[in-house]
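A single chain comes next, written as structure tokens; it is the form predicted alone.
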């Protein structure tokens, strides 16, 4: 069998990602807490509850584990409702708590990447229309100024908003996220206001910290026509790409937001991105469906021969990572994979999924494309939004009853990749032998 090694660029960042509401526990003042307490909104009525008990101090164990396993960075987020529990009140104690977490990350050798908005909104904003309220960008701007003013000496990498496309489509088109609407007019307004919030945040961060690196995290969903020869399938695939993948990012280039069959010029958004953050999980086939108005005239499904995650939520399609990186490369900016992973409580698919996707990242980096880092989702099992605890994305498992962390084999695999800054044939033989011939043919 051949021996070889795929080296990543020198200085490559290797880490995991988490989000405040999903790991902290005890967040009772935001829109997701309200959503969890509405019947039928969350899988089996489950609650976030204590989550991974980061607010109680278990962040230290998780970050120490990450550093011990050769990671050199960590992406985490701030819970807005802790910092600003009411519109006229700031909690400096919460900010100090976040300083402790970030200092703890730095102390063990993890460079922080900090997300300012990861799906959750303070209850007071949610009850006043959330991001449909045209005052939301102003409120967000004030919050960003407060957080960056308090933490800029510790953080160089900032993510303004996580997955605005998912926030909008899940909350205002599909209805799985709060506020559970199916309203294209509201969806456009929210997307526009998120864009304005991002642009304002970018400028505030650079005002306070001129040398900061600022971007947003884009959920890139791969779309391929179900029948390449059938023009309606090709057309609806392009429409899905334009609406979901291109709308927000293109507005950062040309200032024009095209989304939900509407268009608006937002000139302040132009040039407000220092890097491209990519969250990639899977890819869809798309077929034209003429009477499916709610689904925007399309039917999306996974290729029939795909390896599926245990709940069928993710198909293992590494070529979608290549498509995501090609998409990101057009912006001529540094690229970070800010999330990538698969739900897998038994840890049987995760090793090959991770290695195959990292191999695609290596291929693009080997073209001298400016790919600078990779964040696996996630360090430890956490609360997966409307899917609650039914999906386990962690390198480490979590026992909800005891808060015990459970070391899965993928921890050791990822630790070896991080240590070597490479994918070696030995690593693949040991952890994902079923894909060895795909990565090392001949």
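Residue numbers count along the first chain shown, from 1. Everything numeric here is computed off the predicted structure, so don't read it as measured data.
There is also a form predicted in complex with beta-D-glucopyranose; it is not shown, and the following applies to it.
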Q. So in the predicted complex, are 219, 387 and 393 all sitting within 4.5 Å of beta-D-glucopyranose, heavy atoms only?
A. yes
Q.
Just to confirm the contact call: exactly one of 143 to 151, 325 to 333, 204 to 212, 160 to 168 touches beta-D-glucopyranose in the predicted complex at a 4.5 Å heavy atom cutoff, so which is it?
A. 160 to 168
Q. From the list 353, 172, 248, 281, which entry has a heavy atom within 4.5 Å of beta-D-glucopyranose in the predicted complex?
A. 281
(Q) If the cut-off is 4.5 angstroms on heavy atoms, which of these, 119, 98, 275, 80, is the one near beta-D-glucopyranose in the predicted complex? (A) 119
Q.
in the predicted complex, does residue 344 come within 4.5 Å of beta-D-glucopyranose, counting heavy atoms only?
A. no
Q.
Would you classify residue 239 as touching beta-D-glucopyranose in the predicted complex, given a 4.5 Å non-hydrogen atom cut-off?
A. no
Q.
Can you tell me if residue 377 lies within 4.5 angstroms of beta-D-glucopyranose in the predicted complex, counting non-hydrogen atoms only?
A. yes
Q | Interface membership of residue 124, beta-D-glucopyranose in the predicted complex, 4.5 Å heavy atom rule | A | no
Q: Any residue of 405 to 442 with a heavy atom within 4.5 Å of beta-D-glucopyranose in the predicted complex counts; write them all down in order.
A: none
